[in-house]
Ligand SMILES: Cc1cc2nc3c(=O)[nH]c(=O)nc-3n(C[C@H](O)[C@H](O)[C@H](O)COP(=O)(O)OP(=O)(O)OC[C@H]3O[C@@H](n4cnc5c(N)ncnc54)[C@H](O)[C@@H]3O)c2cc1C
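What follows is a single chain, given as structure tokens, in the form predicted on its own.
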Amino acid sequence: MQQWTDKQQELRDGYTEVFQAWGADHLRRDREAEFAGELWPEIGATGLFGLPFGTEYGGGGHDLPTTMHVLEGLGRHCRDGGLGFSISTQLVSTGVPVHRFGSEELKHRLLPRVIDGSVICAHAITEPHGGSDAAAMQTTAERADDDHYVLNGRKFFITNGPVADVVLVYARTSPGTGPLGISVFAVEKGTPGFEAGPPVDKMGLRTSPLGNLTFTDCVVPAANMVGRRGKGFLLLDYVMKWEVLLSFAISLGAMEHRLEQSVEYAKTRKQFGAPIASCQLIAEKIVQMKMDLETTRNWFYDTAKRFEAGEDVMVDVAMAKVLASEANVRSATNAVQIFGGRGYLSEFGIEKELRDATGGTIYSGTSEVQRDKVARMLGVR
């Protein structure tokens, strides 16, 4: 079990009140699918966006497990799951790849803005025909001259896309198919040829705007390339590990909050003259929630430490993603059942947690894709 130092725990605990405040209006925002973009500078001012990045860029210089620990607190105390998802997207879509692979010029130009919340960030990977098959992308980036590339293509299902000021676009710089020849470019809002569509309505995470992006003869400076030409798929592999670990650290916090709610309700809600906790079937649901939480949490922090140590954790992250996403759905489903009618009604916010959790089995690579990846690594595919 992960142990935290006093300093790490104080860091997380210091965010508790602001996390609670950011989620105070979550039910209305969910109904209206409203993104709390006005909070972005405030979030930046707390240092949350800069936790894992170098102090020379305005970041906190914290390691990956510490960053996850704080984000787990976000999931526990902030009831706006869509906001949490957009916050993790800010970190992993632009901050992580620019910090790890960007030129020094690009780091100093972009990272301070990512960290202080003066820009909203996204990354554009998925395309209409591709879904989880990122290697099949068809968006192109052709060299116009020594100083510019021209982007053409469409990207679908882009988290933060409708409101993003900076988007990291994955595009093909060499003809053909497959993972080779993909490069990554930072494209800023207002660049001619870059158009963001309106938010699309969806089942859960409704306060995190999702939309489609179009690039039509969009001219981007070559200096905005992140990493080396043609090595974008290696960059994507690195970023997706961070995406799984950070976004589902937030889910761990949500699972803990849900467990606490369910225990309290089961002890106080009476049916047939006794608390429903005395019913073995209800108690079993709560025990399952606890087992799922602790098993997933241990797997996640162990994987994070091994990832930081430079070990190959591709299979571990794939299994972690399946564990967390499916445990989160089970947890939310059990909570709805434990709360009964209250769990089903929108006014109590329990059913919203189930809607939010369902997306986790789809984004960042579906559960089916993750299982297939593990099967191939085992040599059975």
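Residue positions are given as counts along the sequence shown, with the first one as 1. On a predicted model such as this, the values are computed, not experimentally measured, just so you know.
Keep in mind the form predicted together with the ligand is missing from the figure; the text below concerns it.
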261, 303, 126, 140 - the one with a heavy atom within 4.5 Å of the ligand in the predicted complex: 126
Contact residue in the predicted complex, from 296, 159, 224, 207 (heavy atom within 4.5 Å of the ligand): 159
The ligand contact at residue 369 in the predicted complex, heavy atom, 4.5 Å: yes
Contact test in the predicted complex: residue 215 vs the ligand, heavy atoms, 4.5 Å: no
Any non-hydrogen atom of residue 131 within 4.5 angstroms of the ligand in the predicted complex: yes
Residue 242 within 4.5 Å of the ligand in the predicted complex, heavy atoms: no
Per-stretch contact check against the ligand in the predicted complex, the hit in 151-159, 251-259, 215-223, 266-274 (non-hydrogen atom, 4.5 angstroms): 151-159
Residues within 4.5 Å of the ligand in the predicted complex, restricted to 63-98 and counted by heavy atom: 85
